[in-house]
Ligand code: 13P
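What follows is one chain in structure tokens, specifically the form predicted alone.
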Amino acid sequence: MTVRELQDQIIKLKKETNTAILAHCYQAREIVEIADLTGDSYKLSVDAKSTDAENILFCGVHFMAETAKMLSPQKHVYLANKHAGCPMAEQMDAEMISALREADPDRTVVAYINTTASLKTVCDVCVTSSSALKIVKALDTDKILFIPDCNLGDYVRRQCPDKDIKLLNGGCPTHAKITVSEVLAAKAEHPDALFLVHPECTPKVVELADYVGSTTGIMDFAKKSDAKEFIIGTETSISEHLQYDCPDKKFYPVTKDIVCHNMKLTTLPDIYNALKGISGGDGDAFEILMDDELISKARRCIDEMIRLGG
């Protein structure tokens, strides 16, 4: 079966099963092409609420599908590849953060959305890379524990000098791979290109950026900019998607090694098999199951994020 034939089978099955396919921006192009919704983790979870589909098939990693389930508990939410996790989301657990809260009870715990549902139950507010700065500024407290990404936390802390922001040693191993020397080499090779970077990168890399923003922020900036060349400081698939969307511009990954292997686990056959399972056939559909108590406790910090982030 060719890629196009498999895509056609998937499109047919998703209609028959009343399933909406959500694909994170880091997914391969052939997956993005058959998705009903694409975007970053939070945008997809919110958009899932607006779809009339009975089933949600998430092409991303586990915490993203969990968030979609929390925001749409009445829907059946599936993860296309059950082995797709997120190293950052699993770096800290609820017991660890609960102990830190007891030792320093005056601090508000701000959790990056890249965390498990269990960890979210002991946090006060969630943030995304695009809303973190706005939400931290809006908090009516100056003492904050920002988890788990110390690089995003450092980016926020530098712009909120009036806040006492404590960071822990955690973050995205993929973005942390980008080095200053790689950025300087890319800038030397492409002197007319703007450098667009994700705040999960290290502070010294972020300092070299012409624009700092979320995955969708980077894509929107590149599409709207009058510039014609860009060095992309995030997962390499973003350079590929932008090249398709803006064929008159040039996009260069800062290094070929910035690949999220968990995101790349999901394939078209995974999606096809999941849909076969949803239809009651011989496929394999991995459903996200969460009890009402966990959803209620974990969702509190997400609802607070929506309230403060607008």
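This one's a predicted model, so the numbers in the text were calculated from it and none came from an experiment. Each residue number is its position in the shown sequence, starting from 1.
Same protein, other form: the form predicted in complex with 1,3-dihydroxyacetonephosphate (13P), not shown, and the subject of what follows.
Could you check which residue among 64, 31, 70, 254 gets a heavy atom within 4.5 Å of 1,3-dihydroxyacetonephosphate (13P) in the model of the complex?
It is 64 that has a heavy atom within 4.5 Å of the partner.
Please determine, with the chain shown alone, which of 137 to 145, 184 to 192, 92 to 100, 207 to 215 has non-hydrogen atoms within 4.5 Å of 1,3-dihydroxyacetonephosphate (13P) in the model of the complex.
Of the stretches listed, the one contacting the partner is 207 to 215.
Quick one: is residue 40 in contact with 1,3-dihydroxyacetonephosphate (13P) in the model of the complex, heavy atoms, 4.5 Å cut-off?
Yes, residue 40 is a contact residue.
Residue-level question: is residue 237 within 4.5 Å of 1,3-dihydroxyacetonephosphate (13P) in the model of the complex, judged on heavy atoms?
Contact check for residue 237: no, nothing within 4.5 Å of 1,3-dihydroxyacetonephosphate (13P) in the model of the complex.
Does 1,3-dihydroxyacetonephosphate (13P) get within 4.5 angstroms of any non-hydrogen atom of residue 81 in the model of the complex?
No - in the model of the complex, heavy atoms of residue 81 and 1,3-dihydroxyacetonephosphate (13P) never come within 4.5 Å of each other.
Although the partner isn't part of this model, could you tell me whether residue 24 comes within 4.5 Å of 1,3-dihydroxyacetonephosphate (13P) in the model of the complex, counting any heavy atom of the residue?
Output for residue 24 is yes: heavy atoms within 4.5 Å of 1,3-dihydroxyacetonephosphate (13P).
Quick one: 57, 116 and 286 and 1,3-dihydroxyacetonephosphate (13P) in the model of the complex, is every residue within 4.5 Å by at least one heavy atom?
Not a single residue of the candidate spot has a heavy atom within 4.5 Å of 1,3-dihydroxyacetonephosphate (13P) in the model of the complex.
In sequence order, which positions of 249 to 266 have a non-hydrogen atom within 4.5 Å of 1,3-dihydroxyacetonephosphate (13P) in the model of the complex?
Just 263.
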